[in-house]
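Only one chain is shown below, in structure tokens, and it's the form predicted on its own.
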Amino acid sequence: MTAVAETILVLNAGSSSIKFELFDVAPGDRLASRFSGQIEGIGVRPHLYARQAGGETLVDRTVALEEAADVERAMGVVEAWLAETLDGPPAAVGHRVVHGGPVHAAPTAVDERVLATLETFVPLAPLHQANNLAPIRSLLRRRPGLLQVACFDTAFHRGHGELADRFAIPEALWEEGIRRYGFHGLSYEYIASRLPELAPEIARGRVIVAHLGSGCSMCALREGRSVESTMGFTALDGLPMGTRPGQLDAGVVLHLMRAKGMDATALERFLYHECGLKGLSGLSNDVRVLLASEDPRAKRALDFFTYKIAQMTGWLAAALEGLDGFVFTAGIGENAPTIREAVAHRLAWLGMSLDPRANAVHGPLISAPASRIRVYVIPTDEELMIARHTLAILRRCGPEGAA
């Protein structure tokens, strides 16, 4: 009888989609992607698709609305398809969870008690946290014996010095957990793990990584460890994003409350869905649409975007007391040479310059030979990072997750 291959399933749930990827555990605990996919359009026009690592389509079909009216029911669709497709259940499931709060500084096995704690952080990441937790809750109910591991976007930043994480507010609030956490940590952790192989000359130096996607942030690395990040208490701070404003004077929020009569619900909707590139341009939150547009508002939005990236680079370089390398990653960072060129132009004062040909083909090394700062494009892989953490806990704690 052929042994069933050991697998790790990774889930990344959002408000209208559940992304999934299955990894085979090869000898030596090497992880290899078998297939990936998602169910998208949850609650509107649900659609399930998946492709093998080699590109072959495994499923591509519309799902009845009543079967995927919300994230939890959509998880049932994913589970049913996996049961039809696989020889047996995965050994463990890893989840991206945006906020670990002040409690969790590392990936952790999830039980009802841990889940209850993570639910208290929903107000700190309203765009993500509740959706991240929905599949965990569903699997705890349907498959209580299955090891589930929560991997936090905040965990990689928990080694910051106190000065980097504090606000200038009373001590009692710091003790309550009101501090700068930083996000996109799984992406930064993956990039840090790749630097020794792809960029050994800067891997142990002072490096800024720009994670530029629908959500955007930047991280300062010293010897592969996070020392500062542009995001803070929530995923609203720092760089302008697709629909989020980034850095914003708190007085603006007070003004909107007093002059516009906005309550907390209206403010949350406004700050998470109506600002950023969408608000600046009045056109779109999609950089591809803005780059293709001749509307001057699109140019203004992109100019503001690259100006803020350059500005935040100076701030992070000050935290690092110098700069040896710069890495672009995530959807925009990996695929928009025009944006990378504009950022480098604004950072010419730092000695940064790009090789136009290398930049056009996405590197990985895109800096010119004479550039004082080494610049790279490195694709991120948060799912692989989650799979690694999940496998490590499986090996350490066993399938029940008990230490």
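Sequential numbering from 1, following the sequence displayed. Values in this document were obtained by computation on a predicted structure and should not be read as measured data.
Beyond the structure shown, there is the form predicted together with adenosine-5'-diphosphate (ADP), which is absent from this document and is the topic of what follows.
> Have a look at 102-110, 267-275, 310-318, 213-221 and name the one stretch with heavy atoms inside 4.5 Å of adenosine-5'-diphosphate (ADP) in the predicted complex.
Only one stretch passes the 4.5 Å heavy-atom test: 213-221.
> Do I202 and adenosine-5'-diphosphate (ADP) come within 4.5 Å of each other in the predicted complex, heavy atoms counted?
Although adenosine-5'-diphosphate (ADP) is absent here, I202 would stay clear of it in the predicted complex, with no heavy atoms inside 4.5 Å.
> Classify S36 as contacting or not contacting adenosine-5'-diphosphate (ADP) in the predicted complex by the rule of any non-hydrogen atom within 4.5 angstroms, answering yes or no.
No, no contact at 4.5 Å.
> Using 4.5 Å between non-hydrogen atoms, is P126 touching adenosine-5'-diphosphate (ADP) in the predicted complex?
Result no; P126 lies far from adenosine-5'-diphosphate (ADP) in the predicted complex.
> Under a 4.5 Å heavy atom criterion, is L291 part of the interface with adenosine-5'-diphosphate (ADP) in the predicted complex?
Yes, L291 is a contact residue.
> Given that adenosine-5'-diphosphate (ADP) is left out here, which of G279, P89, G76, G331 has a heavy atom within 4.5 Å of it in the predicted complex?
Of the listed residues, the single hit is G331.
> Please tell me which of L350, A336, L65, L365 lies within 4.5 Å of adenosine-5'-diphosphate (ADP) in the predicted complex, judged by heavy atoms.
Contact check passes for A336.
> Which residues in 261-289 have a heavy atom within 4.5 Å of adenosine-5'-diphosphate (ADP) in the predicted complex?
In sequence order, N285, D286, V287, R288 come within 4.5 Å of the partner.
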